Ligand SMILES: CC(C)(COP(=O)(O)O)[C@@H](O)C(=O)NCCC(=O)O
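One chain is shown next in structure tokens, namely the form predicted on its own.
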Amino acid sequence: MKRYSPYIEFDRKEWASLKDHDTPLSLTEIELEKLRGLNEQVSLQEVEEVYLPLTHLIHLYVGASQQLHQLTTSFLQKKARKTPYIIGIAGSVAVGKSTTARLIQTLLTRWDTHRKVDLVTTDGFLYPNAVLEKKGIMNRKGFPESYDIKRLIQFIGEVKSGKPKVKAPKYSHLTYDILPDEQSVIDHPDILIVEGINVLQVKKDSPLFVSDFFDFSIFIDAEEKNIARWYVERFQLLRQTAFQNPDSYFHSRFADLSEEEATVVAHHTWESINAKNLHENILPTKGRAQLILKKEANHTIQNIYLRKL
């Protein structure tokens, strides 16, 4: 018996054929270089074959959502506030979520009907290090209990309700902590992208989830062995770059490690923290996404899974 799947599967060639030929690639190599994350290898060809069809699909969904909103408002005979279309992007540490989020944001702004596309990451909703240390969960940073989920839900709820100038806390990867005096202001975007490892997670004791506010959700997937290798490679690159900055939280910890020592530390961190989080909290949410992008060992997306309507 053939196993039922809630997804329609496309290989890259099939997906690329869905591209709207009236929508040419408007991204340059210089722009793409600025959007790439550390150790990411996305090419213009991949943008054209994967991300252009994806953003065209999202564009159609946004249009349909706006039309449904107008029809509902007309039916209710009430004047309703314009609400943003919200996209959630989830996946493991080091799988390339941030690059995907920035690419989608940039491409979606090229459409005349939704030029204002904002992006926030859930890193800003981590508890400050002082709170994590007080709770005794500094080594659980990135696990569900390390996030101020109530604040995150309140933020998304306010944006979704049409409230102007909603503030989101900012996070610094340099200091590895919340920036107490800095905030992002989200003011009536056409589209809001929310990126983070935890955006599709649910809690049994919570009546409301972050994903309840999403209109569309994406999960970036890859084999665990590949993600682990990318994590180690990224750690080595950071050791040579960001960790050398005296202001970096990791400067005194990792800057002077040899390549061999850094590899050992990175593997241990992956196995003791990130792999556990992946299995316990992140992978179980994959089936909740509307779209899954599956990466191969060389970072390229080769399979796309779109949830059936």
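In this text, residue numbers run from 1 along the sequence as written. As the structure is a computational prediction, the values presented were derived from the model and not from experiment.
Just so you know, the form predicted together with the named molecule exists too; it's not on screen, but the next bit is about it.
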item	value
Candidate from Tyr231, Phe209, Tyr127, Trp111 lying within 4.5 Å of the named molecule in the model of the complex - any heavy atom	Tyr231
Contact assignment for the named molecule in the model of the complex, among Thr269, Thr263, Ser65, Asn281, heavy atom within 4.5 Å	Thr269
Candidate stretches 210-218, 119-127, 67-75, 152-160, one within 4.5 Å of the named molecule in the model of the complex by heavy atom	119-127
Contact flag, Ile186 vs the named molecule in the model of the complex, heavy atom cut 4.5 Å	no
Partner contact for Val93 in the model of the complex: the named molecule, 4.5 angstroms, heavy atom	yes
4.5 Å heavy atom contact, Ile191 to the named molecule in the model of the complex	no
Distance check, Lys170 to the named molecule in the model of the complex, heavy atom within 4.5 Å	no
Residues in 133-160 with any heavy atom within 4.5 Å of the named molecule in the model of the complex	Lys141, Gly142, Tyr147
